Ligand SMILES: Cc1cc2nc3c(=O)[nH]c(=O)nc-3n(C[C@H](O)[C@H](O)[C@H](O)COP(=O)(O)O)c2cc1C
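Here's a solo chain for you in structure tokens, the form predicted on its own.
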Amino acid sequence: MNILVINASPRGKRSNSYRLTGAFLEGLREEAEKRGRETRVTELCVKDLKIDSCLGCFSCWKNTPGQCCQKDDMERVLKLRLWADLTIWSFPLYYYNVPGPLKNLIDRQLPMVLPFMKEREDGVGSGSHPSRYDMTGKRTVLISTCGFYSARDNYDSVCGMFDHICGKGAYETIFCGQGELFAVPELSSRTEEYLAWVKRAGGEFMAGGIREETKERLEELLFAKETFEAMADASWGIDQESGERQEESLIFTKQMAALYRTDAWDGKDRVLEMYYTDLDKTYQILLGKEGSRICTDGSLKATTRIETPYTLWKEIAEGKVEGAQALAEHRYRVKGDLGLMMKWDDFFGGKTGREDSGKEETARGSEGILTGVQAPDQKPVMTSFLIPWIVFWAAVPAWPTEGGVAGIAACLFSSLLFFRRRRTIYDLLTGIGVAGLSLGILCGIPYRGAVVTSYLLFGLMWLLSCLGKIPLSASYSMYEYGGRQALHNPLFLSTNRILTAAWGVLYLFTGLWTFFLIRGGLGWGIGLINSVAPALMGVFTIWFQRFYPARMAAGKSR
């Protein structure tokens, strides 16, 4: 397949429209390679071509049929237009149409048609000119970005022109609003997600046609209208009242505030205070029910204070530095409510909306400072992991035989939960351990030895998991902090590793003192002690989950 790309942006390959074009080509080439088809791509950058405007002399119709009297780069363009099986027109929207140099190029295509009048069959216009050449099978794609929040209803002039040129519905379009956001590194998680859909469109186009689902995704807003317009207004860096130029750090903070999601408001207003240590600048962002507001005089009481070099925070926002890793390395500090950081995406994930439904939804794939992707619907829960052990410990000491049956039943019941819940390795080990011990009791092994062994096995499972990449507690709690992305957070992992080790030690000691209490004839106290100890450890866990991350985030010594 011969592919001609006509890049009409004055920015050339640095343009936002070309980023979409590049993604489309990537998908197209990959699909062509899978199908064993060869692709030959030629790219023309209109800003580098010498193409004068049409003279309206009609020499290409009368004197030199098919050839323009002007000798410039248009002669090469016409040859490539005939060579190409697919022509991709890549351009930004300029004043509701194509940029001027591209309009000149389009006007100069007059030699490609004959002067005779012809009625159209597609209902476009009131007449046309037949093509001078056989264009059967040749395809056209328009790829463009614009500065409005939406592309809808802003490309009617462009489509009207190409309806005349190609025929109504005889070309594909990828029109994207909020185009300037593709040049903002801090928003790359959202724009890269959109580019992935453009790439998919390229592959589907090569395979036969862009699917409706993909077209719907491409029509989806990058961010909701109010979010985009707030970011766009802030990007100019001009105070709307005084007209004075603002500090770069203030512009950046305003754009960050514009990403605030009002649906994350939980009934409690928050004040995020940003102190840029290298600039000695402090800004406060009030996060409330109605939206966000910037305060520059420090008059608000901060609930969360971030002390960071401005350059570092920019790099974190741009995805060049992992925020959680930088915090663990004490490159910046957080004081106050750490919960805001742990659910950063909930507050600053931005919004995107589908125009066909009018609904807004969370931007997929966005990554925050401490968390990232959202938890899957079928996340595992620790309850299903604990049920078999609790039933075993409660029933076996009181009624050994019936307790053995109850232990097996609890394992079966817990396994039924996995039809709707994700299973972890620890759920599997629990099923094997509890069912094995229960069967052992039914086969005649002493129930006291089985109970002691169960505590030791339970404790060892917790302790040994600390040697792996994911400690046991993190396998379940990570879904409350962004899913698997939380596993890239050293602070999250270290907190869970310490707590997992503490629970493991507790249950190893539980097994030991249970053994000695039984030998000493004090079995009557086992139930009380083995209930109180986990309860106290639960209280410690709740306290430690707040104390340790906050202490480390504030830059205190380990």
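Start at 1 with the first residue shown and count on from there. Bear in mind that the values here come from a model prediction, so they are computed numbers and not experimental data.
Keep in mind the form predicted together with the ligand is missing from the figure; the text below concerns it.
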Exactly one of 440, 400, 147, 433 comes within 4.5 Å of the ligand in the predicted bound form through a heavy atom, and that residue is 147
Taking 4.5 Å between heavy atoms as the contact cutoff, choose which of 413, 96, 133, 83 touches the ligand in the predicted bound form.
-> 96
Within a 4.5 Å heavy atom cut-off, is residue 92 in contact with the ligand in the predicted bound form?
-> yes
Is there a non-hydrogen atom of residue 154 within 4.5 angstroms of a non-hydrogen atom of the ligand in the predicted bound form?
-> yes
Would residue 180 show up as a contact with the ligand in the predicted bound form if we use heavy atoms at 4.5 Å?
-> yes
With the cut-off set at 4.5 Å between non-hydrogen atoms, does residue 11 touch the ligand in the predicted bound form?
-> yes
Would you mind picking out the stretch of 402-410, 161-169, 247-255, 139-147 that comes within 4.5 angstroms of the ligand in the predicted bound form, counting non-hydrogen atoms?
-> 139-147
